[in-house]
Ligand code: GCU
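Single chain ahead, by itself, as structure tokens, in the form predicted alone.
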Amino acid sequence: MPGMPRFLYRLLLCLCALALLSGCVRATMAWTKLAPNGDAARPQLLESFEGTPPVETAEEWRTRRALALREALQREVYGFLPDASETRVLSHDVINSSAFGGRAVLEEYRIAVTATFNGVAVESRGADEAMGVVMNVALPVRTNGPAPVILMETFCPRWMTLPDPAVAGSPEEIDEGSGIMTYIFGRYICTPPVEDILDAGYAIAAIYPGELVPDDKKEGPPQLRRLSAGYEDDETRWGAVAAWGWAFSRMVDVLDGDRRIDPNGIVAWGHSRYAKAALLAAVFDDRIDAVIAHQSGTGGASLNRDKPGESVKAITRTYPHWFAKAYANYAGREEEMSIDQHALLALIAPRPVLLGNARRDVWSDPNGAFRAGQGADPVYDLLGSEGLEQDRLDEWKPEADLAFWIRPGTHGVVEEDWPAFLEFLNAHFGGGADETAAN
């Protein structure tokens, strides 16, 4: 606008965009308290549950309690996942042998995935049935051996997650660093610092989850129903978060057995709605060795009970396709749920989990996520891990198996986040960079 300072123009642009947002984030002047406040997470996960006796051993947790909690999470929050799954590789090509300044070999897979419910198998080849769901993999050239891999589902098309003109569907010019998304949600909301990640020795695998199940309350449900044709109960039919979590596992199917990938270094990464999916993926797939769940919020790591910010009512009204319909039935009646979100974290134990948060992102309830970590901590202890090692939200301990990261600012993926993510990964996987080759 003529005569308006640039910073005021950007501020006005951001405020207008925030006003148009459909509920994934809310602007607030409030700050999250750095000391945990609120009641302890309930129920206590090692106490009696649905009439069963308390859990005293790791074996009892694995063979009895974990099964009951997974069932409850599906029944009350996410909907039921398939009874069986299959992944077929339709094609696999090297599309750039010297990508990202010679740091990586960039490959492209086209896959078909099959979900089976009650004996009824349905195959999906993605948005374009002739093309298949597309997965791109950037493999670092400079490594000491098999590389740990970061699995990503992002808000933006694949050619923005791994920007290269050879990626299927990529426009001639890829706009990585501008636009309203980056103004509001941060520099790395679409494109992570790919070169930094590769230099640290990590591979990246990325899909655009909307190719499997569209993130749309009109277009998503028909695809969810089609994929679960053998499932009759519409109240507990899977929602999009469950399907996106299932998609993380289909990525693992493709990479499983690839000698270039460290089989003990498979990490699911996600922000916001895809952080919810990343957590759920690890609950049902123990091939996933760690999770980075950034600002996962309600339906993710944050507790349903006693919470500020986004309520069960708000999230299920705005995004009815994300969860089972049963979840909306608990709006205002969260105390009646048999479980809470600390069960989600506990079911990943003792594998490493990083919960990323921001002080001004009260809508995602960082305090509720921290209390969920406290509630899951006894299970980490039972399984031989020290789990959560901090008493406040701002004590950064990346070596912990249940780590909590909080920074200033709001909802998004900003410049401060990825150094913390990599510090966490290096603490647990050591990084795979070949320093000799790099020099």
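These numbers were taken from a predicted model, which means no experiment stands behind them. Quick note: we count residues from 1 along the sequence shown, nothing fancier.
Heads up, the form predicted in complex with the ligand isn't pictured, but that's what we're talking about next.
At a distance threshold of 4.5 angstroms between non-hydrogen atoms, Arg273 is in contact with the ligand in the model of the complex. Although the partner is absent from this view, Asp199 stays clear of the ligand in the model of the complex, with no non-hydrogen atom inside 4.5 angstroms. Contact annotation: Arg371 falls outside 4.5 Å of the ligand in the model of the complex, judged by heavy atom distances.
The ligand in the model of the complex comes within 4.5 Å of no heavy atom belonging to Leu151. Partner contact region in the model of the complex: 312 to 320, out of 312 to 320, 138 to 146, 228 to 236, 123 to 131, criterion any non-hydrogen atom within 4.5 Å of the ligand. Contact check for Phe155, Trp363 and His411: all three have a heavy atom within 4.5 Å of the ligand in the model of the complex. Taking a 4.5 Å heavy atom cutoff to the ligand in the model of the complex, none of the residues in 238 to 266 make contact.
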